[in-house]
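First, one chain by itself in structure tokens, the form predicted on its own.
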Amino acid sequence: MKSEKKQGRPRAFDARTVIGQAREVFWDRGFSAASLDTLSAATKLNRPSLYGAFGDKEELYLDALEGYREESLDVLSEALDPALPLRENLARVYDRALAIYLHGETAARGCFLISTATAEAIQHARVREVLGRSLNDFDDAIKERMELAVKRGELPADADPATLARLASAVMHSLAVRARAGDTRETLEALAHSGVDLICGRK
């Protein structure tokens, strides 16, 4: 969002709410297909107000991506509570991910970041930066928990926390794509369970 604050009357809207409303449009339609008219209708702001507050469509989309990234990191941090066993941590990560990925009025939408930013990353360098930074941040959060698991003996002493973190993330990415493609909850839950077994070993 624009950092400069214009002089005059205070805004009659909450920026976070508007960004959330815009995100719903981008999530359903993608960045390119989300028209300014549709965004204006969803946010109940006319084009001049949108431009004045957020700049162009790309700026609004980037704000939506950043908000999603921050929310996702909060959800991930809560799921990776070190007071719980690693197996339960990963199960919680995938359970919370599926609750997001399977949501959508028309169809399951998957992950906002994976579903939309990957399509725009080639042509939009700033989107590519947010995508890469987000994936690295998610990996780092999981890696930290994997390192603790090695110290606690939950994983073998020679386990590679960085590789296991990327593997755990890869399962999440697969869940996101398959949810958007229409896989059933049962199929996705089975995949998530297999991912936990692959990392932690079968019970």
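Note that residue numbering follows the sequence shown and begins at 1. Since the structure is predicted, the reported quantities are computational estimates derived from the model, not experimental observations.
In what follows, reference is made to the form predicted together with another copy of the chain, a form of this protein that is not presented.
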Can you tell me if P82 lies within 4.5 angstroms of another copy of the chain in the model of the complex, counting non-hydrogen atoms only? no
ask   = Within a 4.5 Å heavy atom cut-off, is V150 in contact with another copy of the chain in the model of the complex?
value = no
Exercise: S49 in contact with another copy of the chain in the model of the complex, heavy atom 4.5 Å
no
Q) According to a 4.5 angstroms non-hydrogen atom cut-off, is Q123 in contact with another copy of the chain in the model of the complex? A) yes
Checked I114, I100, L76, L86 for heavy atoms within 4.5 Å of another copy of the chain in the model of the complex; positive is I114
Checked 117 to 131 against another copy of the chain in the model of the complex; residues with a heavy atom within 4.5 Å, sequence order, are T118, A119, A121, I122, Q123, R128, L131
